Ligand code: UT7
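In the form predicted on its own, a lone chain appears below as structure tokens.
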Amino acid sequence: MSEIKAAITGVAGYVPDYVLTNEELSTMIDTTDEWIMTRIGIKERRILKGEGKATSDMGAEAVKRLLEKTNTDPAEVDMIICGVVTPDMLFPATANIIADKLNIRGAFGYDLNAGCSSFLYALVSASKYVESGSHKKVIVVGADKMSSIVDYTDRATCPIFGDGAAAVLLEPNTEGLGVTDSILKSDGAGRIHLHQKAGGSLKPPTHQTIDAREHYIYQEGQPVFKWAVSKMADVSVEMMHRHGITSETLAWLVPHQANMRIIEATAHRMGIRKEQVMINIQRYGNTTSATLPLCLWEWESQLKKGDNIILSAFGAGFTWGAVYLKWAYDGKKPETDR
């Protein structure tokens, strides 16, 4: 019997309409378009506006589009995992809220938080259920409303993040296509450099924590940058060596969109051309859990069946990893999907 692999058989995404440009940011904090572009590589980012709008609204829209384009009935979905750092609430899981909004009933679902590596971790976790034969149609969502925890008085962090969501459908494949290998790592020693100080059981919300602005992102840029440059490149290069992949046989690198210099350093270590790297950071910024699937969504029409693809990410935790997959279909993106 042929080995079962978990293949991506569809991808869809959603980004909010509101565009927050560097020019508008410069009216809020002491920064400039040149400063942001030079250090981060972001020109603009999308922000979810509107009363009562949350991460699940973006995730539900992405999954709705995915179901429609793959002709999947909600009743067929066996499982839904949501990679997320900004859940609608601590409980229930945002995956369950998305499922409810789309009438997906009875599917096994949960959230997975591994910082900016959340989608990568969720993709690998979901693939194991498909490979085991226990689940046939699994949806993996990456979604975050980062604007909900961004301090727009902090010039070091507020230019970096944006809002967005994307989702993929995983199904069994016996042609040798799909998720082939993964390297997932973490080191909790890095947690001191990137975290949210208050809001959890260690520091529940109080007037004092709110006044101290401890419910926003706290990041020490230099150590995070150094770790990310090293670790993303390490696992990506290791993955190439494991499978004898060269710059000629690798179709695409899908890197986490945190900083243009990190992306360029990873590609350089891998010995690949810029044309082989999916980059949309200039338009969307760092959407955290959504960056990798948003890239797949945008580049879907260029993907070919059998393409060798490496996904790589680094996030709070510290967490990092790489996934090697062989693309399962020739991409054809209808105009209505954008």
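Just count from 1 along the sequence shown to find any residue number. Please read all numbers here as calculations on a predicted model, not as lab measurements.
Just so you know, the form predicted in complex with this ligand exists too; it's not on screen, but the next bit is about it.
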**OP:** Name the single residue among V224, A107, L102, L177 that comes within 4.5 Å of this ligand in the predicted bound form, judging by heavy atoms.
**Re:** V224
Subject >> Among the candidates I160, A93, A114, A233, the residue which, in the predicted bound form, approaches this ligand to within 4.5 Å (heavy atoms) >> reply: I160
Subject >> Contact test in the predicted bound form: A251 vs this ligand, heavy atoms, 4.5 Å >> reply: no
Original post:
Quick one: does R155 come within 4.5 Å of this ligand in the predicted bound form, counting heavy atoms only?
Top reply: yes
**OP:** Determine whether any heavy atom of I80 comes within 4.5 Å of a heavy atom of this ligand in the predicted bound form, and answer yes or no.
**Re:** no
Original post:
Is L120 close enough to touch this ligand in the predicted bound form, meaning at least one heavy atom pair within 4.5 Å?
Top reply: no
**OP:** Heavy atoms, 4.5 Å, this ligand in the predicted bound form: which of 270 to 278, 28 to 36, 46 to 54, 61 to 69 makes the cut? Say which one.
**Re:** 28 to 36
Original post:
Looking at this ligand in the predicted bound form, do all three of H241, T266 and N308 come within 4.5 Å of it through at least one heavy atom?
Top reply: no
Original post:
Going through 263 to 285 from first to last, which residues have a non-hydrogen atom within 4.5 Å of this ligand in the predicted bound form?
Top reply: none
